[in-house]
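For reference, the chain that follows is the form predicted alone, supplied as structure tokens.
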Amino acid sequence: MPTAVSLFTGCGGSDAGISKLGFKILMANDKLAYAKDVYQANHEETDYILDGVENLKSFPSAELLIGCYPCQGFSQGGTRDANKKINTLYLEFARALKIIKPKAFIVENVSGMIRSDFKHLLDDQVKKFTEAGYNVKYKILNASEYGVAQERKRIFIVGIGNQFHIEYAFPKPTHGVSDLLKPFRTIRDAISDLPEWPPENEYYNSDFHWYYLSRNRRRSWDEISKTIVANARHMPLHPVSPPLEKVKADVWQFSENRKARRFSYKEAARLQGFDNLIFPETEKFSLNMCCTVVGNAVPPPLFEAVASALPDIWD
């Protein structure tokens, strides 16, 4: 059984992905307490350290290192400030990489990292990881093309140790409109077995602010979901809601006078590709916390696809 260390783990989307490939995760890490609660309710065998990575001085030996360092500085929904300290947490990942010396590593982050004003940070990540002894490749992938019922573009950076003389090749899409591919997974495929109106404490049940209605946040049952976000208030609309129609620039309204609602945190987890994720009701449990850990996660099927494309170097 190959081994892995997971950093900036959150509730474990990446770890759920590699677990399906047979990896034993020796250690996981994050500083968000409820992320740890959710993770350990679903992966109780893993040692989860609740702390900032910068405070970790040692790591177990492992064959694979994975990490999804925070993206708020790069994200379209974040500050988009190239000078934010959070943008350089990749240096902590590089430090761990030099200590652990795994055979390979995988990093996931938002696609905004490739924007011109952040490209110097992406280039520096590739430089640091290359200097650590890895053949490094990166590419933007869309989760919908790998069996996730959601539009979600993310950049992956993958490195294989130079000693193997192997160049990583990203997995080809498995889902799409081509006859050679499986059909896209839809909202109906992901959540149609769940009640159309769950308990009101499972979704943000307040008025729709003008900013929320500045764009169309609804997709129908047989479409792919819009991107799941980490904010309960900004979660996309469930298809049970009436369609939205454009009134003018940045102004949309419901076309019918009937109830509308956002996705619940349980539905959001399904749309991320989790299989019935457990949300323990600890002291940190709340609607906002559930949406935060789900929205910040990487879709497990997408991470599984990237990891499955690694060569068999584990013996």
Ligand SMILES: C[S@@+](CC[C@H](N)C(=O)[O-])C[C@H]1O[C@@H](n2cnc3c(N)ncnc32)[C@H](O)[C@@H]1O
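This is a predicted model, so every value here is computed, not measured. The first residue of the shown sequence is 1; numbering continues from there.
The following text describes the form predicted in complex with this ligand, which does not appear among the structures shown.
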Can you pick the stretch from 245-253, 279-287, 259-267, 23-31 whose heavy atoms fall within 4.5 Å of this ligand in the predicted bound form?
-> 23-31
In the predicted bound form, do C11, V53 and A297 all put a heavy atom within 4.5 Å of this ligand?
-> yes
Using a 4.5 Å heavy atom cut-off, state whether L65 contacts this ligand in the predicted bound form.
-> no
Decide whether L141 counts as a contact residue for this ligand in the predicted bound form under a heavy atom distance cut-off of 4.5 Å.
-> no
Non-hydrogen atom contact L89 with this ligand in the predicted bound form at 4.5 angstroms = yes
